[in-house]
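Just one chain is shown here, as structure tokens, and it is the form predicted alone.
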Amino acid sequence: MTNGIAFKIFNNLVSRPMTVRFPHEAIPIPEGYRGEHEYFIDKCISCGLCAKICPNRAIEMVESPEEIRERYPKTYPEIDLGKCCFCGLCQDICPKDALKLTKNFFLSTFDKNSTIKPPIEVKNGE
């Protein structure tokens, strides 16, 4: 029995580690991974379905900021990534595809206010 344990110890000493040296090395992000949100204000119709379906109440409908109120006189979803469980329900229910979950997983921060996701204006039909 001790012979089997010695073999496993020796095998672990000479084998490669299972971890990657992040950020120098990375593993590929799998298809369907749900990371940080992208919110396109040009596509949004202010229906509020995303805020209603969110199980963690991470999405709240707020008035447009003063600087864009002339172009977008409506409410828009304010997404708090600190509360989000990345379930993807907001993306699935959006009738205009204004919300997309990206593969970005670099979300750690020391500033609580930086978890609030601002909208993105679509340029040239992107």
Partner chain sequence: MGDAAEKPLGDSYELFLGPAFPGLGNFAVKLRMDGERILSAKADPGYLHRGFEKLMEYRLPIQNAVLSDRICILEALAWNLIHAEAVEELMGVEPPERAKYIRVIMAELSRIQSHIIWYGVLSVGIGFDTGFKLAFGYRDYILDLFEMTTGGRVYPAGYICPGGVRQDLPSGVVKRIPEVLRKMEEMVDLEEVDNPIIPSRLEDVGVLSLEDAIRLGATGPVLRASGMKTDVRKEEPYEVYDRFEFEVPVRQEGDGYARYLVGIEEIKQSIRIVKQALREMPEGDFIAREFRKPKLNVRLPEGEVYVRNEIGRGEAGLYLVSNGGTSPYRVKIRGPSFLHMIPVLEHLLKGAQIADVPAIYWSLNICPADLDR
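Definition used throughout: the rigid core is the maximal C-alpha set that superposes within 1.5 Å between two forms. Everything numeric in this text was worked out from a predicted model, so none of it was measured. Residue numbers count along the first chain shown, from 1.
The same protein also exists as the form predicted in complex with its partner chain; that form is not shown, yet it is the one meant from here on.
Remark: of stretches 61-69, 74-82, 24-32, 37-45, the one touching its partner chain in the predicted complex is 24-32 (heavy atom within 4.5 Å). For P17, a non-hydrogen atom is located within 4.5 Å of its partner chain in the predicted complex, even though that partner is not displayed.
Although the partner is absent here, K52 lies within 4.5 Å of its partner chain in the predicted complex, judged by heavy atoms. Across the proposed site, N56, G88 and C94 without exception bring a heavy atom within 4.5 Å of its partner chain in the predicted complex.
Core-aligned CA deviation for T109 between the shown form and the other one: less than 2 Å.
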